[in-house]
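Single chain ahead, by itself, as structure tokens, in the form predicted alone.
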Amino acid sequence: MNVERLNRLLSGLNSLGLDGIVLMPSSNLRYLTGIGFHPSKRLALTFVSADGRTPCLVLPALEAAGVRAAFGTSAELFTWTDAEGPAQALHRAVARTFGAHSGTRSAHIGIEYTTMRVMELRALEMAALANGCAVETIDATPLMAAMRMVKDEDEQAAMAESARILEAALRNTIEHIRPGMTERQLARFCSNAILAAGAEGESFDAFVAAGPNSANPHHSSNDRPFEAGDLIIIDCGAVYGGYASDITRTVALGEPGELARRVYATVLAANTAGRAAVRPNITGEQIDQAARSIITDAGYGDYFPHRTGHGLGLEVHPCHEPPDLVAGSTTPLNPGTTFTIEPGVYIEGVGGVRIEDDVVITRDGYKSFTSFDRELVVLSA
């Protein structure tokens, strides 16, 4: 258990008037405890009371040895077997954590609205009722997101290594592009290269879109072969120490044509302007405007359909971390906040260009975790 993070969580719970929080196996749980197991059909929940008592974990008995080794005496385990089911273990954990509310007011409990399933929510409610304690659930996602948004030195070091691994894999991937190779083949090669470079895994499935497909920002890689003149977008991510990297580069297979070159130069200028705007107390909206204005002034504003960037850390896909770099994102950002800068232009019949980097706000500006060459690479066709 990370004591400093636990204390910050307790402070946040009390400031919101919550009696505690119940966490799923999730990135939030990993952030708080270092435990990285995932949800399954077997119920597992972690209870943290706002009064600072020892946290409780309800979990399948088959997970107990690993969790006990990680926690020692800093948490109380309530295990259950497949034969007996989780009801009694859950009942005991609820009594231990929220029993003081039995017969009085409802317990106000934070849960993760985007993570907790109906299975866990109904089981939690039934266990509370069996203890004579009604529960009122509140979305604790914003609380956890605010805690996680600013990364400490260890987190930043993991992200920097994740980016280094990813760039080595991307360089290897680009060197293997050949006419006739398919998007799917290159995506598979990229995935293997990420693992071979030392990643724990991919932060999301490698994305390759070429030629007309590159005009679709969320194209799914298919069996279209590369052709001379194609713009090829490669978007990929690695995980190291639990932390994700996310990079996109666009290359040309043979001479891309004058319009494609103009689009590329515009997106590169937008990426440069977005990164240059990053500083303490900047807002996501301001960074978005710095990048977006370059594309709009060049006449391509209608072809930039997504935000300029998103938060990055333990998660990147399918749920991005805050902040969002988009109009309306007006919260000042503190040093240690990490996110992507990824402007793009996508024109049907021409193709698409996206250039994405991972950055962190520092006390006097920003640092980029990614340093891969941003100039257009033209490969032999």
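Remember, it's a predicted structure, so these values are computed and weren't measured experimentally. Just count from 1 along the sequence shown to find any residue number.
Beyond what is shown, the protein has a form predicted together with another copy of the chain; the following relates to that form.
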query: Segment that reaches another copy of the chain in the predicted complex - one of 228-236, 281-289, 117-125, 248-256, heavy atoms within 4.5 Å; finding: 117-125
query: Residue 158 within 4.5 Å of another copy of the chain in the predicted complex, heavy atoms; finding: no
query: Proximity of residue 319 to another copy of the chain in the predicted complex, heavy atoms at 4.5 Å; finding: yes
query: Interface membership of residue 168, another copy of the chain in the predicted complex, 4.5 Å heavy atom rule; finding: no
query: 4.5 Å heavy atom contact, residue 111 to another copy of the chain in the predicted complex; finding: yes
query: Every residue of 62, 196 and 218 near another copy of the chain in the predicted complex, heavy atom within 4.5 Å; finding: yes
query: One residue of 272, 137, 185, 79 in contact with another copy of the chain, assessed in the predicted complex (non-hydrogen atom, 4.5 angstroms); finding: 137
query: Position in contact with another copy of the chain when the complex is considered in the predicted complex, options 172, 192, 74, 296, heavy atoms within 4.5 Å; finding: 192
query: Residues in 29-45 close to another copy of the chain in the predicted complex, defined by a heavy atom within 4.5 Å, in order; finding: 41
